[in-house]
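Quick setup: one chain, the form predicted on its own, written in structure tokens, and binding and motion questions come after.
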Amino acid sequence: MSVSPNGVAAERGDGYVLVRLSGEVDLSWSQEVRRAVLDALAAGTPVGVELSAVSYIDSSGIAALVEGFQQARQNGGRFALVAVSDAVRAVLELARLDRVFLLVPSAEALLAA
């Protein structure tokens, strides 16, 4: 599967949905990210957002992830951030959100967590 430099794509795995993000997640397309995350949660299976190809994320991107986390928690679902890049991890740690989100190394680990 190929993802554009700034892209969002969802794929179904075995028992989960994985939303792959790439590029710079900023205000210019964070609403697209939000929609992809919420649509994935509507499937009723665990959702992972893969961030290994994200080089930058701003507060609007973080807000989209927080909304997904809150929606999953409200509905008793599982939501995790997968293969978090160093750039995203730095922002999560700064905001102390690394203690809030479930962080897993791979999509397969989402089911085991």
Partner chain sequence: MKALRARSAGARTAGHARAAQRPATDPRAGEAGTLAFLAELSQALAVSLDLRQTLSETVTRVVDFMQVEAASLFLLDPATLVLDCRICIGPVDITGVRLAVGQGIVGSAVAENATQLVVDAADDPRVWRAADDSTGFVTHSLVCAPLRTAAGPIGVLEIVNRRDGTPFSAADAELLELVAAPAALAINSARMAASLLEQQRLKREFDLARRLQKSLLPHRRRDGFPVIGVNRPAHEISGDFYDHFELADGRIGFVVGDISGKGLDAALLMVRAASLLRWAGKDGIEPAAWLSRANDELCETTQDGRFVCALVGYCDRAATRVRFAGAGFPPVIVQRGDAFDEYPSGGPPLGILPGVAFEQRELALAGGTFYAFSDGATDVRDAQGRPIGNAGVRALIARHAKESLEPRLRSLLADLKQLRLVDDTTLLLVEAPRAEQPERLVDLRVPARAESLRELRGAVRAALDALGVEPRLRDKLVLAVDEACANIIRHGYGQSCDGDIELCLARNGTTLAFELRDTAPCADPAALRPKPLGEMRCGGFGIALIDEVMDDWRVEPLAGRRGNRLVMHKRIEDIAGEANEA
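If you're wondering where the values come from, they're calculated on a predicted model, not measured in any experiment. Residue numbers count along the first chain shown, from 1.
The discussion below concerns the form predicted in complex with its partner chain, not included here.
K.L.:
Find out whether any non-hydrogen atom of Asp14 is located within 4.5 angstroms of its partner chain in the predicted bound form, and reply yes or no.
P.N.:
Because no heavy atom of Asp14 falls inside 4.5 Å of its partner chain in the predicted bound form, the answer is no.
K.L.:
Is Leu18 close enough to its partner chain in the predicted bound form to count, meaning some heavy atom within 4.5 Å?
P.N.:
No, Leu18 sits far enough from its partner chain in the predicted bound form that none of its heavy atoms falls within 4.5 Å.
K.L.:
Just to confirm, Ser59 within 4.5 Å of its partner chain in the predicted bound form by heavy atoms?
P.N.:
Ser59: contacts its partner chain in the predicted bound form.
K.L.:
Would you check, heavy atoms only and a 4.5 Å threshold, whether Ala42 touches its partner chain in the predicted bound form?
P.N.:
Looking in the predicted bound form, residue contacts with its partner chain do not include Ala42, since no heavy atom lies within 4.5 Å.
K.L.:
Check for me: heavy atom within 4.5 Å of its partner chain in the predicted bound form, for each of Ala63, Gln70 and Glu93, yes or no.
P.N.:
All of them do, each having a heavy atom within 4.5 Å of the partner.
K.L.:
Just give me the residues of 16-36, first to last, that have a heavy atom within 4.5 Å of its partner chain in the predicted bound form.
P.N.:
Result: Glu24, Asp26, Leu27, Ser28.
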